[in-house]
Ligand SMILES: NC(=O)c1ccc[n+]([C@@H]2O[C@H](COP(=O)([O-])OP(=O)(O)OC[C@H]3O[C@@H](n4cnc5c(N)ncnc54)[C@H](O)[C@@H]3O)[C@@H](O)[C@H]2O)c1
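A single chain comes next, written as structure tokens; it is the form predicted alone.
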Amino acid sequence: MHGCNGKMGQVITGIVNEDADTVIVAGVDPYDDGHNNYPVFSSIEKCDVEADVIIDFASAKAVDALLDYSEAKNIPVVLCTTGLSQEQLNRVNETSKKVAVLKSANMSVGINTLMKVLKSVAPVFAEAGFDIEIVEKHHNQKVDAPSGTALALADSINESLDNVYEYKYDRSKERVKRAKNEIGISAVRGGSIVGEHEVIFAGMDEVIEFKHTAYSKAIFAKGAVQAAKFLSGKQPGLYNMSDVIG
């Protein structure tokens, strides 16, 4: 477990402790007080424990060393850390040619199922002239906007529409009518909202809404554990959660 003492690392630790099919054999975290029931190493390079797969919920600055280790030890990695630079994303692609890597903007099974649904219905609504809007809500500590998940939802829609749509993030800067080939993305920040994403297809005299609400971080942890089970023993390649849910 890479980043084992972070919030997500501890949630995953709890889930694995209740799962008869999985066990955490080692953790990696620069800060440790010895409370985990597995050995913890201060850096990935120091870890000398054999494993079937690595789950990563650390930080972007630790990803380079993680990929080096994964490639050197030939251990598949579920890469959950977000905010990677383009250079790091390129490195992920290169690493996936030598070892299995699973990367997803959101580890929730529900969100990834929603993405598959959107790919199916978006062409129908677009052909009928429906406008497309996405509204995402998160807690007041989240610094990036829009969320990576909102962008992933927009990408899922756009891919099904031959990528002809443009994204509109802020309508306050110009006084113009809404263009037909745009997907509006709005961000709300407040309180302790874990995560809420709503996709709106607005037509003449009717509106269809798809909504996903996360009530705790556990859904992302459960998805990561499910992804780890899927990735263990897989051939080199770049996978995502849509592969997991099949």
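Just so it is clear, the structure is predicted and the values come from calculations on it, not from any experiment. For every residue, the number given is its place in the sequence shown, counted from 1.
The same protein has a further form, the form predicted together with the ligand, not shown here; the description that follows concerns it.
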Should S160 be counted as a contact of the ligand in the predicted bound form, where contact means heavy atoms within 4.5 Å?
no
According to a 4.5 angstroms non-hydrogen atom cut-off, is G203 in contact with the ligand in the predicted bound form?
no
Even though the partner isn't displayed, in the predicted bound form is I54 close enough to the ligand, meaning a heavy atom within 4.5 Å?
no
Might P30 be said to contact the ligand in the predicted bound form, defining contact as any heavy atom within 4.5 Å?
yes
Select, from the options 22-30, 182-190, 204-212, 46-54, the stretch whose residues sit within 4.5 angstroms of the ligand in the predicted bound form by heavy atom distance.
22-30
Flag this candidate site as yes only if P76, A227 and I245 all have a heavy atom within 4.5 Å of the ligand in the predicted bound form; otherwise mark no.
no
Within 4.5 Å of the ligand in the predicted bound form: residues from 205-238 (heavy atom criterion):
K217, F220
